[in-house]
Ligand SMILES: NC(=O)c1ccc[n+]([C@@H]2O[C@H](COP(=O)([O-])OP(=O)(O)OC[C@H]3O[C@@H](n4cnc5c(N)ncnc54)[C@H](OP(=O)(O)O)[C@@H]3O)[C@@H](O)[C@H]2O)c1
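This document opens with one chain alone, in structure tokens, the form predicted alone.
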């Protein structure tokens, strides 16, 4: 076990998710005490705290003494068409839950030193070939406005004197979950290929690097504000497709036209599959963050060539 210099009591929402599970293991290995925010019906272990975001309730006494809160929960953006009802769920699961957490930690007798809130590069919207940094303006589509409002709730913690970090995650690459396994299915049936024109920029990050950034945000008091959690080298969709095909030794010659994606997925297709977001991690580069994977092909080789993933 690698012991952290100063161990903390850390509370995580979304602790059973892709990032939350990996981050929990990493922090515990570093010697921190890690609990999860658990919704009604969930099993509670020592150090966990019960909460019910839709009802705006949380076990406040159990929150006392927590030194850092990491908020990673939220309904899946890609789980179903964006009907008005689904949009309401997406907003509530992020904005309302963040409001509950910020209200609670801001009124504790001893406030946590840090609030780390998940966000997304969807904040920037569809930006063609523009190079996007943490200082770039938000977009104007549904997803961009959702992320903007989500971050606004998180920033209330900052206004209350709590160091706040907004982690703008790109496409997180992992074999064990997230979007990548679904993206690989067409290749396994020899029908992989580019989406739309294939020129749209994709900003990605390996799970290991995403977790390292989150740990850095928790432990390093110098980190605050928005942080683009992406690798230094975004790629266009056509290049991403070629790299996946090359790694899997599968052809990548098919093409799914944009109108087909829109017919199948509606508005979600434009925001998640066709939007161009060339995001760079300016703040991570400035602080000398040691990326394990800076370019795509080595990341894919490491992820996809593990036993059982080919």
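Residue numbers count along the first chain shown, from 1. Treat the numbers as computed from the prediction; the structure is a model and nothing was measured.
What comes next is about the form predicted in complex with this ligand, which does not appear here.
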property	result
Distance check, residue 118 to this ligand in the model of the complex, heavy atom within 4.5 Å	yes
Residue 131, heavy atom within 4.5 angstroms of this ligand in the model of the complex	no
Any non-hydrogen atom of residue 171 within 4.5 angstroms of this ligand in the model of the complex	yes
Close approach of residue 19 to this ligand in the model of the complex, 4.5 Å, heavy atom	yes
Option from 99-107, 214-222, 67-75, 158-166 whose residues, in the model of the complex, bring a heavy atom within 4.5 Å of this ligand	67-75
Three-residue site 25, 32 and 112 fully in contact with this ligand in the model of the complex at 4.5 Å by heavy atom	no
The unique member of 145, 175, 89, 183 whose heavy atoms fall within 4.5 Å of this ligand in the model of the complex	89
In the model of the complex, residues of 82-113 near this ligand [heavy atom within 4.5 Å]	89, 93, 94
